[in-house]
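Consider the single chain below, provided in structure tokens and representing the form predicted on its own.
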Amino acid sequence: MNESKRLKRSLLERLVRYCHFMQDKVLDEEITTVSSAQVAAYAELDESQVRKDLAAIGVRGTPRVGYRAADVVSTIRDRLGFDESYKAVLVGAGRLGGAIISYPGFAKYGLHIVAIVDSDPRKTGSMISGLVVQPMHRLGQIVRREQIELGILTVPRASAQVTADRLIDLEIKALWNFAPIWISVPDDVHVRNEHLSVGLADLAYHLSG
């Protein structure tokens, strides 16, 4: 994608929330239009922010009518690439990896986990959600054969960077990192670090108040 057309992460995350609302709360109830006030209430934002965000991707509502929900969903899905198909390999067949690979909702956003690998020989050959756990030495073969674009890391902290480096050497350009450590990547590789401890810290902070 042209860098000048890339969305900021904060906007991207808000658009995903709008899409969830439209799909799960509006279209499922066969409601055709929705107001910026309704979207703002769901997303806990100002109405002006919602209107600005939707205008940024070319969606404009009708005064006193609102937005056509189907149009909003279609535009967001197209802009964010949800209607395309992406293949991923998951590295790390532990409990977290098993939970992620078992989640059926990723397909709704174009993500298909087609392989799982692990360095523990005791896990190779086992089955998780219909996929056989493969040994690490087959990673390159799997990535090339399946034309995989995304690597998902659910490995221990100590092996996260080494695993990331190996995936990058295989020309993987996007990494979703669940290991509890920030990983370093070249400028042409996109990484999303999901630190579960950050989410826990947010909850703990609010509970302590």
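Take the two forms, find the largest set of C-alpha atoms that superpose within 1.5 Å, and that set is the rigid core. Owing to the predicted nature of the structure, the values given are computational and were not obtained by experimental measurement. Sequential numbering from 1, following the sequence displayed.
Although not depicted, the form predicted together with a further copy of the same chain is the subject of the following passage.
A.B. asks: Is residue 150 close enough to a further copy of the same chain in the predicted complex to count, meaning some heavy atom within 4.5 Å?
C.D. replies: Yes, residue 150 is a contact residue.
A.B. asks: So in the predicted complex, does residue 120 come within 4.5 Å of a further copy of the same chain, heavy atom to heavy atom?
C.D. replies: It does not: once a further copy of the same chain is placed as it appears in the predicted complex, residue 120 has no heavy atom within 4.5 Å of it.
A.B. asks: In the predicted complex, is there a heavy atom of a further copy of the same chain that lies within 4.5 Å of any heavy atom of residue 99, even though the partner is absent here?
C.D. replies: The answer is yes: residue 99 has a heavy atom within 4.5 Å of a further copy of the same chain.
A.B. asks: If you check in the predicted complex, is residue 37 within 4.5 Å of a further copy of the same chain, heavy atoms only?
C.D. replies: Residue 37 lies outside the contact set for a further copy of the same chain.
A.B. asks: Sort through 29 to 37, 48 to 56, 64 to 72, 142 to 150 and report the only stretch with a non-hydrogen atom within 4.5 Å of a further copy of the same chain in the predicted complex.
C.D. replies: It is 142 to 150 that comes within 4.5 Å of the partner.
A.B. asks: Enumerate the residues of 156 to 176 that have a non-hydrogen atom within 4.5 Å of a further copy of the same chain in the predicted complex, in sequence order, or give none.
C.D. replies: Stretch hits, in order: 157, 173, 174, 175, 176.
A.B. asks: If I superpose the two forms on their rigid core, does the C-alpha of residue 201 end up displaced by 2 Å or more between this form and the one not shown?
C.D. replies: Yes, the C-alpha moves 2 Å or more.
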